[in-house]
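Take a look at this single chain in structure tokens; it is the form predicted on its own.
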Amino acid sequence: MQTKIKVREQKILLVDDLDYNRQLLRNNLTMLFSREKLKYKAFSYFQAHNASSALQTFSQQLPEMVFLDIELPDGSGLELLKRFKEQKPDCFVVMVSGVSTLENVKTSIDSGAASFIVKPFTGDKILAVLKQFDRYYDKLPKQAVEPLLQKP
């Protein structure tokens, strides 16, 4: 008898102070997951509008992917990035900002961000990040990916 392996929904945390940006990002992600040939298609979304709610949600959910704005009303996304990577080093963090200075991009990547998207973002930019995410998770050690696979 063959055992079926069920893939658990992965978790995505969307952090931006503007509800419009979070909704636009979620809509783009949902559309891309349904339309494109990506390895991971099942996701649960969580949202945060500031640094304190992002920290709390991240600690509770431990998402596999985070889209993180740099400028938040009560803190820096760059500082959050460091804290997220301390809690979950294999988390795939994408910085999203309208301030795409060389310093912001370099600091983000040096601090562990997997990618950087400039606002206003497009579906093509998000798709490129999702393909990067697929490749990233394929390279993770097996014990890091096993919690995503469950036998019914």
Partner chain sequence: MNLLFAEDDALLAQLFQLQAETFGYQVFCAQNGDVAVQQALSYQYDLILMDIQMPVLDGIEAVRMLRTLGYDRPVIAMSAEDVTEPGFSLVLKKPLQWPDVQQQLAQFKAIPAVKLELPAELRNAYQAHAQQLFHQLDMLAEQQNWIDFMTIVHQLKGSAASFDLAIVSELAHQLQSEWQSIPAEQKKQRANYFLEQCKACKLK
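Numbering follows the first chain given and starts at 1. As the structure is a prediction and not an experimental result, all values here were calculated from the model.
From this point on, the text means the form predicted together with its partner chain, which you will not see here.
Participant: Please state whether every one of the three residues Lys37, Leu55 and Cys91 places a non-hydrogen atom within 4.5 angstroms of its partner chain in the predicted complex.
Facilitator: The answer is no; none of Lys37, Leu55 and Cys91 reaches its partner chain.
Participant: For Glu79, is any heavy atom within 4.5 Å of its partner chain in the predicted complex, or not?
Facilitator: So Glu79 does not count as contacting its partner chain.
Participant: Any of the heavy atoms of Thr122 lying within 4.5 Å of its partner chain in the predicted complex?
Facilitator: Yes, Thr122 lies within 4.5 Å of its partner chain in the predicted complex.
Participant: Is Gln132 part of the interface with its partner chain in the predicted complex - any heavy atom within 4.5 Å?
Facilitator: Gln132: contacts its partner chain in the predicted complex.
Participant: Would Asn27 count as a contact of its partner chain in the predicted complex, using a 4.5 angstroms cut-off between non-hydrogen atoms?
Facilitator: It does: once its partner chain is placed as it appears in the predicted complex, Asn27 has a heavy atom within 4.5 Å of it.
Participant: If contact means any heavy atom within 4.5 Å, which of 109-117, 82-90, 60-68, 46-54 contacts its partner chain in the predicted complex?
Facilitator: It is the stretch 109-117.
Participant: Quick one: name the residues from 31-55 with any non-hydrogen atom within 4.5 angstroms of its partner chain in the predicted complex.
Facilitator: Contacting residues: Met31, Leu32, Arg35.
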